[in-house]
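Here we start with a single chain on its own, the form predicted on its own, put down as structure tokens.
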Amino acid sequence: MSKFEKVRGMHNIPVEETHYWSHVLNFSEKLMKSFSYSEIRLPIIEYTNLFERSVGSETDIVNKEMFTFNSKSDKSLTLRPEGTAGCMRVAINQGLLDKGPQRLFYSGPMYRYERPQKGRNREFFQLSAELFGIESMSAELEVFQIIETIVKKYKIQDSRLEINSLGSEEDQRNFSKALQAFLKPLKSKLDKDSQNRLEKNPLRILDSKSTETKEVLSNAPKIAEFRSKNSTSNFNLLKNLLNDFGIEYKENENLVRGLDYYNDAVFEWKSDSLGSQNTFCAGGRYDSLAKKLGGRQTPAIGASLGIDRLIIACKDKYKFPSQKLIAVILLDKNFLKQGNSISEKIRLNFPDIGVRFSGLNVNLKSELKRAIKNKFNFAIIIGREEVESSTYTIKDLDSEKNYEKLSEEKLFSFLNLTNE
């Protein structure tokens, strides 16, 4: 019988790598909470028109990349390709926007139908922060501080922050018209995707990776030429704040992002170690999204961190701490109660240590061999001598040293030292 294989582009995270994911998520979630963000849980499936209205009906995401299907009641449903639209929908549904500024975060899988390659899967994981109700540039600065803390924590030394301002919606419309007028006579020199975008989504041409298209764009109108005074003032203020707080950045006038709801500030963190898919965090301001989804006009900004890519970028540079593992081994089936008791006490007092109690398996040689094979750090051995003296023998499986006749207090002191 043939084996079942995973669906192409979905994740099979190896057991030995799952602690990377847990570590990044645990650290990042604690960091979010330290900035007073509250966790929100979002559905993986949404009505398709939520993304058509928010992300944009002419974007690549909606036109090419969504996993869309009809329900039994013939309603069009989509596996979420991104989380911001769903988060805003929930905020509107639950009346959160009427309760003052909201700081929210969520994590989980997103789905886009793309060609799988390094750093890009059809199922990918994100941790996102969304801040609703703050118009000032302090919102951008707060998000940047959060992401910079994560970047420094995981030693992504080759990372760089790129920023741009798209201006207001009106600024973007004016710029799009000028860009179209410039590019139409040069259409044949553009790559195929850019030719398709020229009529319906010209801003996305700025994001083209084609060398020939980039050459054409070098003489095209610049978005800065069409920014209103207010947008220009806000962008200059943002750059001054980044300078004041020592956050390094590069201004990239071609940075536009792939979603229609953005206005003014947009940004990306990139790492050269990721290859062509080098963006591991991105986001921007989207002040009109709430109104588009049936709410009231609400200033908003968000950032999404790609957990998959972050781990690729950092796992060779950052030493992830591994969990200490202990095997509790009995030399006699009559000592089951003692083995279970000390196992429970260790779990209670040392929740970060993994304890495996083998129960009625009393063959010392085979149990030690199994523990070593499974990369356990220690074995606690309980035989008649230990039971009669209320002590324990612990074997360091890494150094092969034995520590005999340890009282419970001394055993716990030993575990305290080794677990630091």
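In this text, residue numbers run from 1 along the sequence as written. Bear in mind that the values here come from a model prediction, so they are computed numbers and not experimental data.
Missing here is the form predicted in complex with adenosine-5'-triphosphate; even so, the following discussion is about that form.
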Inset, instruction - Specify the contacting stretch among 185 to 193, 285 to 293, 96 to 104, 304 to 312, defined as having any heavy atom within 4.5 Å of adenosine-5'-triphosphate in the predicted bound form. - result: 304 to 312
Legend entry - Site check 121, 259 and 281: each within 4.5 Å of adenosine-5'-triphosphate in the predicted bound form by heavy atom: yes
Inset, instruction - Name the single residue among 227, 197, 89, 112 that comes within 4.5 Å of adenosine-5'-triphosphate in the predicted bound form, judging by heavy atoms. - result: 112
Inset, instruction - Could you tell me which one of 234, 298, 126, 172 places a heavy atom within 4.5 Å of adenosine-5'-triphosphate in the predicted bound form? - result: 126
